[in-house]
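Below you will find one chain, with nothing else, as structure tokens; this is the form predicted on its own, and questions on how it binds or moves follow later.
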């Protein structure tokens, strides 16, 4: 998962993009970058490893003038975490420059890359996103949006894209609409972002979503829309509501906070803990679900785990060693809340189980008499090929153990998951129109014949 942010017709675009990326930091913490285009048509890039605040400073941004720009915060689902794989990509070609920022995964990237290499293309990264840059450059179409549409023909998988050709900004979503992308107005300019929380920070007014299968084109003549792709049934990623998006965002017309509260309420109906004394969340992504669980169950909601906000999200760390180290410094338990109590511990998901096991040990060490784990999503039993870091079944605890075995492994007295129907029915616009392949095994596209080949490097 990655965060993308773009502007057109906004003075000092680089400062606006930089600010927008802060709001999207939760979507990727490995690297960040900005590309701007000035009034003379010159494109400049700044990319750095680490958080936005660590790698991009005001002095560096002052060297990126212009009123057109895009930015990216990266979370890699595979591939290496190196500066070569940081985005946005900026490339020169016969007609000028191409800049691209990508959120999603292309399931046929390996085949597309091989086709390009067979005719002489040379790649400078291990990102699937670079395949799109080569395909855009090879297109003989005249208009920027025609070039982009041409390049995306035959591409399978998830993409929300921001692309600059010349001083034209384009936004595109795949025909199934896996990942969110929204448009806003800022004075006389336009803003496009992964989530509405980024519009809020820069003071932009939400206009609408980029529709699935749509290309939005913004240039000096205004804004226009095309739908160049074959229609498919919608497959929005339900995990955006469960975990990834920020609770203060609205995606696909629904409030993320209200969706998570309803997930928690449904969880309380399906998986009650009648003898418990209190409910608490694994902060921060499960806060709203835990509030919903407490509201429905009538149990008090308490702050029993305190999160160190200077430590990043553990689920999106690229390695197990990184996740283990972060857990040890990320949380602390409040003994005065937990000591002697029978508690309901609400989390949004259990992926590998290592983080959860460590948290349960913290809670028990703080004196909790009983720990009842409740999860506001269905068990994750399959890999995702569309932008989530679950590349193999071997890493997924629910793919290899039953609920009772998982409970023993993580050290809880009881464990309850939300049903698939309950999860899909709780989110805005549900139960239809969502991708739930990692929960159900119902993949909207044929899974890759050799999933390990995807590990040459997904862009985000």
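Positions refer to the first chain, counted from 1. No experiment lies behind these values; they were computed from the predicted model shown.
From this point on, the text means the form predicted together with adenosine monophosphate, which you will not see here.
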| Just one of 134-142, 254-262, 97-105, 239-247 has heavy atoms within 4.5 Å of adenosine monophosphate in the model of the complex; which? | 239-247
| field | residue 353, heavy atom within 4.5 angstroms of adenosine monophosphate in the model of the complex | value | yes
| message | With the partner left out here, check for me: in the model of the complex, does some heavy atom of residue 302 sit within 4.5 Å of adenosine monophosphate? | response | no
| task | Could you confirm whether residue 388 comes within 4.5 Å of adenosine monophosphate in the model of the complex, counting heavy atoms only? | result | yes
| message | Whether residue 75 contacts adenosine monophosphate in the model of the complex should be assessed with a 4.5 Å heavy atom distance threshold; does it? | response | yes
| task | Using heavy atoms only and a 4.5 Å cut-off, determine which of 219, 200, 347, 209 is in contact with adenosine monophosphate in the model of the complex. | result | 347
| query | Here the chain is shown alone; which of 109, 368, 282, 268 has a heavy atom within 4.5 Å of adenosine monophosphate in the model of the complex? | reply | 282
